[in-house]
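As structure tokens, one chain now follows by itself in the form predicted on its own.
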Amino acid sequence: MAMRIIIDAFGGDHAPEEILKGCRMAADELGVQIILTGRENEIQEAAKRLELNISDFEIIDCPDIVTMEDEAVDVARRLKNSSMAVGMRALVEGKGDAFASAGNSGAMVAGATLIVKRIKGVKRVGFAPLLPKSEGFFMLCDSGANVECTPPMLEQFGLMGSVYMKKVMGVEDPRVCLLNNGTEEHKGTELYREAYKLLSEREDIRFVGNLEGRDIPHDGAEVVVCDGFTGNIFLKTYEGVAMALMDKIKGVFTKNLVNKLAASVVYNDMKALKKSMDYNEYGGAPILGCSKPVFKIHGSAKAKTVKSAIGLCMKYAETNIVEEIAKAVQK
């Protein structure tokens, strides 16, 4: 039986058109069964405009949409009939194997906590996007779900991230680090010093200590742990610098005829470089700690990114990562 992924058709900047196109790509290329939540009439009208056949998609009709202006807790209260809330309830009811949305991040965290619920023993769920580095990729947890954290929360982020990288991403022995303002054990605030002690005492993860921000892109670790406030700033800065750098490189190669000729010689290499540094290749971020697979797609996602996110959702669900995290937390 094909895996069933529930998708919020009205989450994100380019919904529902890009969501539908990405779902169609995923269904055709990955063999996944798509279940859409949202206003059925608008979904059908968008598919007609796009000349997209979605006759094999199941649609759960619901009237409301969670916007970026809505309060996070509204998803479980005032907006119970929104495409996001209905999708999460459908996941809990067993109608799908995973749920994904490109919608309001705060609402995603609230819904994951209040509707889907946390794994027993998990203190807080965490955003955990994958980002490119000089060799492969790394996970950043937390990247915005929890502005204020405790040392045990950071310990669990490291543990959950390690399990995810092993089971879902196939990294055999992921290195776990704390994002800090120095590599020495005594560096950082009390939060980070206490978290260092907890992580260093664990025998089930490969903790490599503190790393400074400049070391992260240079293959410093596969799991980078921090509080959500620090993580969100690091994430946005990382993305911004990468985009600015690629724009600068493009400017050099289009400066004059000689440079354009040079660009034509290394075109394939530059295209591969751009792809390797594009965070959209990973689609978004799992919300680690949920009792069922919930995935946050990039808010600005286009069709290709949506398809990538659905691919990761499939890996997330088929590897029984939730059970693995539960075992690790209980241990």
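The first residue of the sequence shown is number 1, and the count goes up from there. Since the structure is predicted, the reported quantities are computational estimates derived from the model, not experimental observations. For clarity, a rigid core is taken as the largest C-alpha set superposing within 1.5 Å between two forms.
One more form of this protein should be noted, the form predicted in complex with another copy of the chain, which is absent from this view; the next part is about it.
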Of the residues S200, N81, S134, T150, which one places a heavy atom within 4.5 Å of another copy of the chain in the predicted complex? S134
Residues E190, E212 and A244 all lining another copy of the chain in the predicted complex, heavy atom within 4.5 Å: yes
Whether N180 contacts another copy of the chain in the predicted complex should be assessed with a 4.5 Å heavy atom distance threshold; does it? yes
Wondering, does G220 line up within 4.5 Å of another copy of the chain in the predicted complex on heavy atoms? no
Taking heavy atoms only, is I233 within 4.5 angstroms of another copy of the chain in the predicted complex? yes
Report yes if any heavy atom of D269 sits within 4.5 Å of a heavy atom of another copy of the chain in the predicted complex; otherwise report no. yes
So which of 160-168, 90-98, 112-120, 244-252 is the stretch with heavy atoms within 4.5 Å of another copy of the chain in the predicted complex? 244-252
Sequence-ordered residues of 39-78 touching another copy of the chain in the predicted complex, heavy atom within 4.5 Å: none
Core-superposed comparison between this form and the one not shown, V73 Cα displacement 2 Å or beyond: no
Determine, after fitting the two forms on their core, whether V92 shows a C-alpha shift of 2 Å or more between this form and the one not shown. no
Aligned on the rigid core, do the two forms place the Cα of K260 2 Å or more apart, comparing between this form and the one not shown? yes
